[in-house]
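This document starts with one chain, in the form predicted on its own, laid out as structure tokens.
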């Protein structure tokens, strides 16, 4: 299969970026998008040219570092699938495939397809933790959690922090990411004392780093972990809960 790749090349955050066309004459349908980029880099290295910088780690759909925009869609054409799980069979012989880094005001391009996503880390640092006593581990049945509650919490804890939701949002919002973390922790009995403070701190950090929610819902389609759209409602619900409880006190 022959594909034309239009790949974003940018040497540094300060450099002027541009799309560079490359031809891959021997692409195979079973290749993932990352393997396609591997093939391109092998071709560039053989020609004594600089390879394309992109991130990848597990290539098993777990870590989320492989995030890229493909023809304007975060990760690729298939909904709820990370870039490492997207395959060349989604395209046709002779197609032009445009590959670029996640586009959002909160994501600075470091080089080529690599962006700085530490803004998401700062949201977690603002309050995505729980306080527990150190020392001897508690008995497994000392804190009771129902099966339904734990399963719901796991649905939101599945977020891998790839940033696709931010890139998919026209406003570059991180509501799905933040809501997933808040909902997950609110469903667990651990850390209940920090629940209000956590909501206020994390939402404030989110609003400082990223844009407002567009309320369109593209984020849920882009999320490779399948985090439900209801996570967005959690952001304002948890913040309002914290404000009301503070007022009552």
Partner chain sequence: MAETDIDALRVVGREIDGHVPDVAPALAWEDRLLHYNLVNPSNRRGFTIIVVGTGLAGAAAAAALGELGYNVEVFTYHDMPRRAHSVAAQGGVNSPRSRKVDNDSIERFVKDTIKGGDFRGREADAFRLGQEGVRVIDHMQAIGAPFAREYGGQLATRSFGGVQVSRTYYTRGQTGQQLEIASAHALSRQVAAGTCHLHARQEMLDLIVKDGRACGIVVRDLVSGAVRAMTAHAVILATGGYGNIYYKATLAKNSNATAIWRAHKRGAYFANPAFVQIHPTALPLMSQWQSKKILMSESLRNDGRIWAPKAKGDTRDPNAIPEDERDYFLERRYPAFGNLVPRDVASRNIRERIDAGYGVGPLANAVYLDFRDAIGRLGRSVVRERYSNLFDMYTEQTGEDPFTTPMRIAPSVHFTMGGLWSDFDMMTSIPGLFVGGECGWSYHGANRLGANSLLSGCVDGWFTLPYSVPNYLAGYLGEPVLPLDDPAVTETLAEVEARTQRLTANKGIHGPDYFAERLGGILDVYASVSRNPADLPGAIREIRALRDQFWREVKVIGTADRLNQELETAGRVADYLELAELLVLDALDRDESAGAHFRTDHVTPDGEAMRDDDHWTFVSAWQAPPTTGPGAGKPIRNYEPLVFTAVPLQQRNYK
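Positions refer to the first chain, counted from 1. Because the structure is predicted, anything quoted here is derived from the model rather than measured. Under this definition, the rigid core comprises the largest set of C-alpha atoms superposing within 1.5 Å between the forms.
Omitted from view is the form predicted together with the partner chain, to which the following refers.
- Taking the partner from elsewhere, no residue among 1, 6 and 74 has a non-hydrogen atom within 4.5 angstroms of the partner chain in the model of the complex.
- Contact check for residue 213: no non-hydrogen atom falls within 4.5 Å of the partner chain in the model of the complex.
- The shortest heavy atom separation between residue 207 and the partner chain in the model of the complex exceeds 4.5 Å.
- Residue contact check for residue 195: none of its heavy atoms lie within 4.5 Å of the partner chain in the model of the complex.
- Residue 93 falls outside the set of residues with a heavy atom inside 4.5 Å of the partner chain in the model of the complex.
- Contacts between stretch 68-105 and the partner chain, counted in the model of the complex as any heavy atom lying within 4.5 Å, involve 81, 82, 84, 85, 87, 89, listed in sequence order.
- Residue displacement note: residue 148 has its CA displaced by under 2 Å between the shown form and the other one (rigid core superposed).
- If you fit the rigid core between the shown form and the other one, you'll see the Cα of residue 133 move by 2 angstroms or more.
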